[in-house]
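To begin, one chain is listed below as structure tokens, in the form predicted on its own.
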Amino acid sequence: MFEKSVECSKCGKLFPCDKVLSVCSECGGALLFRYDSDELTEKVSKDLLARRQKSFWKFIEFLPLSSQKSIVSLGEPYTPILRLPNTHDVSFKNLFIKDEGRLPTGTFKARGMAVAVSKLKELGIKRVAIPSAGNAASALAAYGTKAGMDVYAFMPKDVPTAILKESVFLGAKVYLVDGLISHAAKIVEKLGRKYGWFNLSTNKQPYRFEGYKIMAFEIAEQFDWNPPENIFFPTGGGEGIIGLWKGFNELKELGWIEKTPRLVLVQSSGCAPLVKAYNEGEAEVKKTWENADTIAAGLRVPHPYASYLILRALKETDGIAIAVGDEEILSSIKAFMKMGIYACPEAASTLAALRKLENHRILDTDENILLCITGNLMKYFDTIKLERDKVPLLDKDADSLD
């Protein structure tokens, strides 16, 4: 409705909004939609938004769709902000979570796929493919099937069983790959012309960012247009960080917020190429992370595409990148559960990172801190090991617990 161009984030080349786009044809950079902020402020106000139903789509003017009729929806809610109780084991006083696990398919990936599928349907795309650690594939399967598209999903062979079942039963043509997501991505790239699909890989098209940026819009409104000083986000491919950065920048251009939050990027120490690049002052990831291994499947991305844009988002928000170990993630999953929060391993890494940063005194204990719970634990219970024979077994006629 109000988009004016698509711009390469690397070389600045402009592209039309009404054409099917992937990456920059000149330099291979990631593409970003740009909007007419002056026209938007004339047509849309905070008061208008406040009167609308609390739905993902209440911000439709800020999305690259030509009509509400283009929307492919599975009933996306406006995900809640919850204040954490004082039992979270850290000294920070104002700690919140945003529970993205309440979205369709149980993860924040639904945001990107809802917008991407809606736009691609508008552009006439009938067949899509994706390399995925799991959740992006299941989200694409859900929305792509709803839109009548053929969905091809390529995932590492050790993808969590629940997500594999989900993707298959949602109607995707699923292929397991004997390797990592990077190997799956090469297959999607190599076979694209032969099978005629549109490649929806992370950061290799401008559409998914638009869904993720709506997180920033929701957060800003939920904090009365004064967003929290710090936002922790678990990061594999980096599209969530890019989406938040883009969304808060757009809100600042509109004059609706005064400052952008500091973005805290969290990775697993078993696969932390962005943290390594950040710590070494690099502008992008230069080498593929070797022997990537972590229980947080979504964080196992050895060489994220357009890493320069992720690191730019950190630099421009005075952000931080930190890695945590699998044992810390497991401990945080259990801590969240005791608070009644079902955080997937990726999301639990944010609490582990907060605990780690507490000792560094980088963050003010009085500042507002938001942990993004990017997915629901229900798909990942196999991650938490339990020795079944150590759980007491009662006789069917038991009359005592002794």
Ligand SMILES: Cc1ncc(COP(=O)(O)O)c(C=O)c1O
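All residue numbers are counted from 1 along the displayed sequence. Quick caveat, the model's predicted, so the values are computed rather than measured.
The following text describes the form predicted together with the named molecule, which does not appear among the structures shown.
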Given that the named molecule is not shown alongside this chain, does residue 268 nevertheless sit within 4.5 Å of it in the predicted bound form, heavy atom to heavy atom? no
Give a yes/no on whether residue 238 approaches the named molecule to within 4.5 Å in the predicted bound form, heavy atoms considered. yes
Is there a non-hydrogen atom of residue 111 within 4.5 angstroms of a non-hydrogen atom of the named molecule in the predicted bound form? no
Within 4.5 Å, heavy atoms only: does residue 144 come near the named molecule in the predicted bound form? no
Counting only non-hydrogen atoms and a 4.5 Å threshold, tell me whether 231, 260 and 314 all contact the named molecule in the predicted bound form. no
Out of 299, 184, 117, 329, which one falls within 4.5 Å of the named molecule in the predicted bound form, going by heavy atoms? 299
Looking at 64 to 72, 41 to 49, 343 to 351, 360 to 368, which lies within 4.5 angstroms of the named molecule in the predicted bound form, counting heavy atoms? 343 to 351
Of the residues spanning 353 to 389, the ones with some heavy atom within 4.5 Å of the named molecule in the predicted bound form are 374, 375, 380
